[in-house]
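Quick setup: one chain, the form predicted alone, written in C-alpha cells, and binding and motion questions come after.
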C-alpha cells in the first residue's frame, strides 16, 4: 500500500509543479485508529519548497489525489487532519485482497526483493579461540545471525564470516595456562600459588601466568593432553599446548553456535594478513599518501587529517600492530571480494576504533560506504533483581552454554533480540524461565501453539480451511485490525534489515499475537455458519503463518503444542 500511495502522491505533486529531486513521502501508522490506517506528512516536508502552510498544501494534495482518482478497491478515503496530515483509510476489498496474498504466499510471506542481486557479508562473533563463548559473545552471535536472516529475507545473497586471531599475546597466555596445568598433571606435587582476590582467589600450579586463563576448560584440555601423551610433551615448546587449546576451544565454539542454529560460511584468520604482507603494504601505501610516519619508535596513522584531535598508533614501539592495522587490511579484503554490503557486529568497546578503520580503507580508495558497523551494548544477567558477576578470564564467568542450559535456546535468542542493539540489555533470568504471558517469547510461541490447537479442533468438527473462502465476510473491527497488522510483515522485515534492528520484528510479532487474541476473543469460529467459519479459520491460519515466518527469521521455533 505504501508503494502505491507513494506513487499517487508523487503524481499529485507533479500536478502541483513537482517535488524536489529525491523527495520521498514519509508514512506511519497513526497511534489512534480513528485517524485512519496510514498517515503521510508530505505537506509538512514540503512547506519550505512550496512556501505555503502545510495545511494548504495538504488540502491541495487531497484534491489532486481525488482527481486521479485513488483506486476505491484500495483506498476508502483520504482526509486532511491537524496541521496537514494526509490520513488514508483502506478499503475492505483491499484488506480481503491482502489476506488472500498472505494465504497464497504461505511460508514465503514477508520476503521482499529490496536486496535482490546484491551480496552481503556479515561478520560476527569473531571471538579469538581463548575460551568458551560467554553471555557477552551471545548477544553478538544472535544479533549477527538475525541480521543475516533479515537480509536474506530482503533478497540479499548473504555470507556469514567469523574473523579470529590465533597468534599474539592472548594465544601465548592461553598456551602458557594449558602448559602449567599439564605440568601439574605430570607432577601432582608441583608447587602451587594463589592468584586473584576475595571470592575469586584460585590455586594454580607454578609457574602460571599472572593474567592466565583460569576456567575449568583449561584443566580439561591439559588433562586430555596428559591422557594422550603422558609426560612426553616437551614443555619448552609452547606450540603443542596452543594448538591443542585452539582445536578444542574452536570445536566447543562451533558446538555452541550450532545450539543457537548458527552456521558460519567462512572463517578468516588474521594471520593471513601478515603471511601475505597485506598489513605492511598498507603502511607503505599510507606513507606514500603522507598518512603514516614514525615517532618514538612507533608507526603513527595521521588521523588528524580526518578530523581527530590526535594521531593514532598503528604499530607500537614493540613492533606489535594495534587492532586498527589488520582490521584495515581485513576490510580491504572484504571489499575486494565484491560484496555490495559488509556488516560488522561490534561491542561498544569498538566504538572508538572503527572510525579509524573506515578512514583507512577510504584513504586507500575503497568505498567505505559499503561498510556498516552495528554497535551493540553489553549484557547484564539479572537474578532475583541482582546482577550476576561475570569475568572473561576468571572462573566466575557465565558461558553461553550455561545460559542456554538454564533458560533454553529459543529464550536465549529472543531475549538477546528484544531490545535495540544500542541499548544496554538486562537479561532477567527469572522472567526468562517464567511460563506465562509476562515472558515475551513464551507469549509468542503460545499464540502460535494456540492457533494450531484451534485448527485441530476445527478439523475434528469437520470444518476445513481448504479451498477459497469469502474473505469479504471478515468485516468485524478485530478481523480487519488483525489483517492490517499482518500485512505489514514485508515492510517490517525490510525496515529491520535496512536499519539492522531485529527488535523491530520482535515488537511486530507481539502486535500480531495481541491482535489475534483480540480477534479470537470477540469472533467465534466453531459454531458460526460454514462460510463465515471458513473465512475466520483461514484468517487464523494466516496469523499462524505470519507468526511462524517471523519467528523463523528470529531463529526461534514455532511449536504446535505447548
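Positions refer to the first chain, counted from 1. Since the model is a prediction, treat every value here as computed from it, not as a measurement.
Keep in mind the form predicted together with the RNA is missing from the figure; the text below concerns it.
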property	result
Close approach of residue 68 to the RNA in the predicted complex, 4.5 Å, heavy atom	no
Any non-hydrogen atom of residue 313 within 4.5 angstroms of the RNA in the predicted complex	yes
Close approach of residue 442 to the RNA in the predicted complex, 4.5 Å, heavy atom	yes
Contact of residue 341 with the RNA in the predicted complex (heavy atom, 4.5 Å)	no
Among the candidates 289, 457, 271, 258, the residue which, in the predicted complex, approaches the RNA to within 4.5 Å (heavy atoms)	457
In the predicted complex, the residue from 105, 364, 186, 81 that sits within 4.5 Å of the RNA by heavy atoms	81
Among 187 to 195, 329 to 337, 151 to 159, 297 to 305, the region lying within 4.5 Å of the RNA in the predicted complex by heavy atom distance	297 to 305
Members of 42 to 59 lying within 4.5 angstroms of the RNA, judged by heavy atom, in the predicted complex	44, 45, 48
